[in-house]
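So this first bit is one chain, no partners, the form predicted on its own, shown in structure tokens.
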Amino acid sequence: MLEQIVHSVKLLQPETALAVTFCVLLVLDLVVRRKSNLAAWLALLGLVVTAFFVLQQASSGQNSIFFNMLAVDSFSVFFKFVILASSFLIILFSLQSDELNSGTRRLGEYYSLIIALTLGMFLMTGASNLLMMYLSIELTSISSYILAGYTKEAEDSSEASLKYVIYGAVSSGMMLYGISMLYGLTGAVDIYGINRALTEGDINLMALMIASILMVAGFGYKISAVPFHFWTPDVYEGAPITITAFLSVASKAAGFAMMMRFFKVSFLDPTVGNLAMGAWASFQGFEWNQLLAAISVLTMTLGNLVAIWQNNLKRLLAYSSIAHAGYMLMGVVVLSNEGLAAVLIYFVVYLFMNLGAFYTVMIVANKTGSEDIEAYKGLGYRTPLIGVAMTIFLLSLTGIPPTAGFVGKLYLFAALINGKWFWLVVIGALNSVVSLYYYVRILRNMFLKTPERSAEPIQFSFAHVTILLVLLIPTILLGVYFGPLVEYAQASLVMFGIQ
């Protein structure tokens, strides 16, 4: 037992580094009473150290630590890199955010909460025990609640935080009921034990369905899937732009990682010969993937249709984020390695194009004080770099070639076609066309409308241009040279020890 604990602790170095960084930042905030960026730079240093340990994890093979509580494998490492990249960029965004840096507000606790949120998401990517899944979601959620309402002087910020708490509490309660029912049915709380019980035992199908639907409520809340999405628009609009961007990418990535591991391990029948194609045989007659397909269709359709009516860009991008969750759910519906690899590819390209769009919104909001589409009138002429960058990010979010977003949707649709989900491909393509409409509204304001006479060109700092290019170049490059990303995503699915 002691040997197992020592081995587990060695493989938990990235999470340990994040926990130490969190504690150091808390102490620093108590000691350094003046306003300073020292906490931000220490947080960035902590993320760099964490990245070093994650690289070591990548070469450690497939491991299950702390008695099947956490998995350390190539799959979790892939998502940890996505989360780390998001956290690093968000801290850089925060250093330039007028919304956060105005007044005398000290931001030590803000950066410590971002590190705590990152730690929770790291645990979510590897959670292979139902209790660890719940605890990691709670760690992530509590940090998110505080960060969503961090600019507490703004009325919509406090409202966003309160709504987030209420919806989070309801979904957590539903998930706990699902966990208790699964434990009662299978006698196990780790997903490997659940899989064995489903394969060997005679489980009541109706009770299993109810328990699994309650589990999906917990996952759906984290990924903003319909009908668990109600918190998303208000929270995204009321939270600081930096936190909105963070939740739209990193939190969604962690939720998808946990959901895919849960389904792939718990409900895949190991007696089926071709595991790479996926199987739902454990349900014996219930078409579980049809239910996920219905959630996917509702999510992408509602997200795109409601986004058409939005004038606030943060709210518009919130509904766009809901729609993209629907697209990514299509890969989970297939459950083949090809479908899951497509989700991994999509997350990498989504990281650059979505954070790029939010960063552009932040820069414009810093200068104009507005997040409304009307503030973008003539922006393409006043500030060509912003106009061109925003155009590329929005075209990528639509899935127009030769941007990275096209590659992400191409692999998703290819997986669906190979899995003979033709009707889902058609709905996904139609939704992409709908999304083009509300993205073009922004482009029309930037290039086809004249700016107000009082409008002035937006001045950039060197840091603004650097970060914008860091996000813009991969959005273009991954649209034409994506082979290494595809290979890495496919290699990351050598997981769970059941292939």
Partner chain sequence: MTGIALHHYLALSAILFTIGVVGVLTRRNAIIVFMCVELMLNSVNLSLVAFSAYLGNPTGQILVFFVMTVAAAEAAVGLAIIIALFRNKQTVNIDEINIMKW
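Note that the coordinates shown come from a computational prediction; the quantities given were computed from them, not determined experimentally. Positions refer to the first chain, counted from 1.
Beyond what is shown, the protein has a form predicted together with its partner chain; the following relates to that form.
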Please determine whether each residue of G173, M181 and G187 possesses a non-hydrogen atom within 4.5 angstroms of its partner chain in the predicted bound form.
yes
Against its partner chain in the predicted bound form, would E237 count as a contact residue? Criterion: heavy atoms within 4.5 Å.
yes
I'd like to check something about L131: if you look in the predicted bound form, is any of its heavy atoms closer than or equal to 4.5 Å to a heavy atom of its partner chain?
yes
For E153, is any heavy atom within 4.5 Å of its partner chain in the predicted bound form, or not?
yes
Proximity of Y381 to its partner chain in the predicted bound form, heavy atoms at 4.5 Å
no
Okay, which stretch from 309-317, 326-334, 387-395, 417-425 lines its partner chain in the predicted bound form, with non-hydrogen atoms inside 4.5 Å?
309-317
Only one of I373, L268, V165, I91 comes within 4.5 Å of its partner chain in the predicted bound form by heavy atoms, so just point that one out.
V165
The one option of Y192, F262, F81, Y145 with any heavy atom within 4.5 Å of its partner chain in the predicted bound form is Y145
